[in-house]
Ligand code: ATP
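Consider the single chain below, provided in structure tokens and representing the form predicted alone.
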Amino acid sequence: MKKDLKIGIMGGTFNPIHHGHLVAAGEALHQFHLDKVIFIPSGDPPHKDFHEEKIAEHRYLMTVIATSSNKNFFVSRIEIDRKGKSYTIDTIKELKKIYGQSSNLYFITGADAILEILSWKKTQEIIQLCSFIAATRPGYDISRIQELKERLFKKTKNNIEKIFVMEVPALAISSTDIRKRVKGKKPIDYLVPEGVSNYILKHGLYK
């Protein structure tokens, strides 16, 4: 009998992807016994004033380079190729069609992004279709996440564990800081995979 897949979904702009993203994905893979993690670079996110769509292909290729050495990591163009705004609900539904309605999807994202979930399109439908893994830095105050759980699941207490908290030390790294360092001609070695660092240099990104 074919088992239902447990799939991690790692969403983000990945501008650029860095070791924090990779460590979070690897930890989720291990902790939640996932079969694979799919990295999905954002297309045109509704919550960001996003001027980087012109480098969408660069973001996608850097993600491919960064994940290529892990047999359980995959990269999808599902949002990059989608026209118009990219909504999580559309991506989740499409993945359900691809992997089957009984597949178990785990959306991996930062704790701060989880706290914005009530402003997402069709929040209640999303939380019925997938679980969430909130990646946090050590010492992060998780009381706000607990409050969010209670607000989302007060009517269905059996679903309260659809949001899981996962501590990841490497999350202190940020894409924003990496872009600033490149612009300021500071080193980014060990913050991103070597292949990504070389790609940024070769294409003159973030100058």
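Not measured: the values here are computed from a predicted model. Sequential numbering from 1, following the sequence displayed. Just so we're on the same page, rigid core means the largest C-alpha set that superposes within 1.5 Å between forms.
Below: the form predicted in complex with this ligand, not depicted.
By the criterion of a heavy atom within 4.5 Å, S174 is counted among the residues contacting this ligand in the predicted bound form.
Although the partner is absent here, E125 sits far enough away that none of its heavy atoms falls within 4.5 Å of this ligand in the predicted bound form. Contact annotation for H58: none of its heavy atoms lies within 4.5 Å of this ligand in the predicted bound form. Taking the partner from the other structure, this ligand in the predicted bound form has a heavy atom within 4.5 Å of a heavy atom of G11.
Of the residues S103, S76, T109, S131, just one reaches this ligand in the predicted bound form with a heavy atom at 4.5 Å or closer; this is T109. With a cut-off of 2 Å and the rigid core superposed, Y140 has a Cα displacement that reaches or exceeds the cut-off between the shown form and the other one.
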